[in-house]
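Below you'll find only one chain, the form predicted alone, shown as structure tokens.
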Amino acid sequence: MKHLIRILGFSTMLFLALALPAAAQDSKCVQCHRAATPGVVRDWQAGKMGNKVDCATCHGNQHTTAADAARAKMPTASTCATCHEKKAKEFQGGKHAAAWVAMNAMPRTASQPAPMIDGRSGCGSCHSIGKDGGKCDSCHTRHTFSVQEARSPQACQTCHMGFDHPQWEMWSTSKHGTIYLTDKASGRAPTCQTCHMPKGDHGVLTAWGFLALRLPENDPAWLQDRVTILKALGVLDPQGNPTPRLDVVKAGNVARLTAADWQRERDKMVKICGQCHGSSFASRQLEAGDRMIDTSDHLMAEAIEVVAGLYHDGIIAKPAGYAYAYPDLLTFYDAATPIEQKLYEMLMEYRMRAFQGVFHGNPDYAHWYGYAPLKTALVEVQAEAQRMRQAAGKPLPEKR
């Protein structure tokens, strides 16, 4: 009887070994990396892919020894598309796929310290999600490539936080975030993925884009403010004509340049919000965010014109190679004067937080982290401009 059990046991083990795909067995890659990088092997075997593909499926077969490790291929979205074609295609239609292009299109990126960009210790770390056609492991981290992990709002936290886009802080301290973090199992509150990746759609986009700028605009006053901002971004010249930077904005997908593009994404969001709220309520809340952009743009444009006047009167020298009679907001923190630094903060920090706070349902961020310091900064810009004019002997004529 014991002999029969041993035979049956051996047969069962043999059947399982033959039934498992080659990747689940002890390949040469696994044998070597179990000693060299045991954590990688452990993560890979814990994930679903550990029983489906071998290391060579993603990394190629050119790397065979420790001496030729550099020959291992690093996977991109194209690699993942071999098995996940639909998701890869969705990704290519979203803003994440353009992240690397958008970063490198900024005029000061090339002057940043190498660790910040190529070393991926700063901007390059988050923006690399769009490098080489896309990096799926930005969200499905190596080597488990967990779907469950990528569905968690914490998967978005590393990149969507901080100075110019604190969406994590806004959402997690909003009523939506509070409900989720205290009652995760119920599904009562939306996560980042609920609103921005409905049904797992990887084509992540928003109606306004990163810069919250759109053309055309039916409101004449708002359009004028927006034109002023676009001039200060170098997208329009002082006469309002497009510059080569318009192609940069298009490539980076950071603004909405047709009414149809904007409306398509807005309609999607109203439908998503309508799963929990009435569509009229959802529309009103989103329109409140639109109005906050309008309000913020007016303050921003006023500050830009103050600094543009300093350029016009020769009180601030134009940067080398910059032909336009407006400050260049895309120099970011490399601006040459304190007043231009303040202008950059107004655009990239306070304006962003004012409207993003509304869209993410966080009143404190919308007001005290956004609108209030935006107004304070405008007063500071006006006062500094007056001081600079007095020092240069070129005060503005008094208004009558």
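Given the structure is predicted, the values throughout are model-derived calculations rather than measurements. Residues carry their position along the shown sequence, with the first being 1.
The form predicted in complex with a small molecule is left out here; the points below concern that form.
At a distance of at most 4.5 angstroms from the small molecule in the model of the complex, all three residues 83, 142 and 285 contribute at least one non-hydrogen atom.
In the model of the complex, at least one heavy atom of residue 55 sits within 4.5 Å of a heavy atom of the small molecule. The small molecule in the model of the complex is not approached by residue 234, whose heavy atoms all lie more than 4.5 angstroms from it. In the model of the complex, the small molecule sits within 4.5 Å of a heavy atom belonging to residue 64.
Not displayed here, the small molecule is kept clear of residue 221 by more than 4.5 Å at the level of heavy atoms in the model of the complex. Annotated contact segment (heavy atom within 4.5 Å of the small molecule in the model of the complex): 171-179, selected among 299-307, 171-179, 222-230, 238-246.
For the options 318, 291, 264, 188, the one in contact with the small molecule in the model of the complex, meaning a heavy atom within 4.5 Å, is 188.
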